[in-house]
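One chain comes next, on its own, written as structure tokens: the form predicted alone.
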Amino acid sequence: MLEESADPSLTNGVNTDGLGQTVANVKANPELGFCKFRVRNEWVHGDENRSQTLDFYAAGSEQQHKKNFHFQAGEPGLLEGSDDGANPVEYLLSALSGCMTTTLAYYAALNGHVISKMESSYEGDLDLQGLFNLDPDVRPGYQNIRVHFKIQTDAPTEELEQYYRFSPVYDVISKSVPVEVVIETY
């Protein structure tokens, strides 16, 4: 049985009044929708590097997180890593999972649908021949990613299949985004 919140402004744990006001504000002033998110990374040694979130730009001004978040990246022993952190392609799957899940929960809430349970799994195929430049026909990144959701909700499947498409990370991964790289030496 699906349970609704005792607070009518909360659906799926989402403050729909506040989120609806944000949507209305961006609709009335599209420039408020422009955001810049930032992460800083420092290589430690070997496979180990650490990233942290920084301030970000949104709603027309610089914003601060309540705290900075830290990510420890590494590689498994199979790739001669210390296995002290998830590898970056696992972080990519984690980012995809977090964004798709949040997007589904938000869209369902904004459309008055209750989600009482949601689970998902993510699996990506990667061929090391591409990473090590052993075959020019094999890309270094994922060749395919599979996502499987199990959702207990009153929302029709057809609607859910539309909601996740608004996930920013899904959009970046499925449509690819140009990446500008600058390297400078000391």
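One rule holds for the numbers: they count along the sequence shown, beginning at 1. For clarity, a rigid core is taken as the largest C-alpha set superposing within 1.5 Å between two forms. Note that the coordinates shown come from a computational prediction; the quantities given were computed from them, not determined experimentally.
Another form, the form predicted together with another copy of the chain, is not on view; read the next lines as being about it.
- Not displayed here, another copy of the chain is kept clear of T157 by more than 4.5 Å at the level of heavy atoms in the predicted bound form.
- Of the heavy atoms in D125, some are within 4.5 Å of another copy of the chain in the predicted bound form.
- Although the partner is absent here, S116 lies within 4.5 Å of another copy of the chain in the predicted bound form, judged by heavy atoms.
- Contact check for G77: a heavy atom falls within 4.5 Å of another copy of the chain in the predicted bound form.
- The partner is not shown here, but in the predicted bound form the stretch 149-174 reaches within 4.5 angstroms of another copy of the chain through a heavy atom at R165, F166, S167, P168, V169, D171, V172, I173.
- The rigid-core alignment places the CA of Q162 less than 2 Å apart between the shown form and the other one.
- Relative to the superposed core, A24 undergoes a C-alpha shift smaller than 2 Å between the shown form and the other one.
- Here's the thing about L93 and P178: their CA atoms end up at least 3 Å closer in the predicted bound form than they are in this form.
- Closer approach of the C-alpha atoms of Q162 and P178, by 3 angstroms or more, is seen in the predicted bound form than in the present form.
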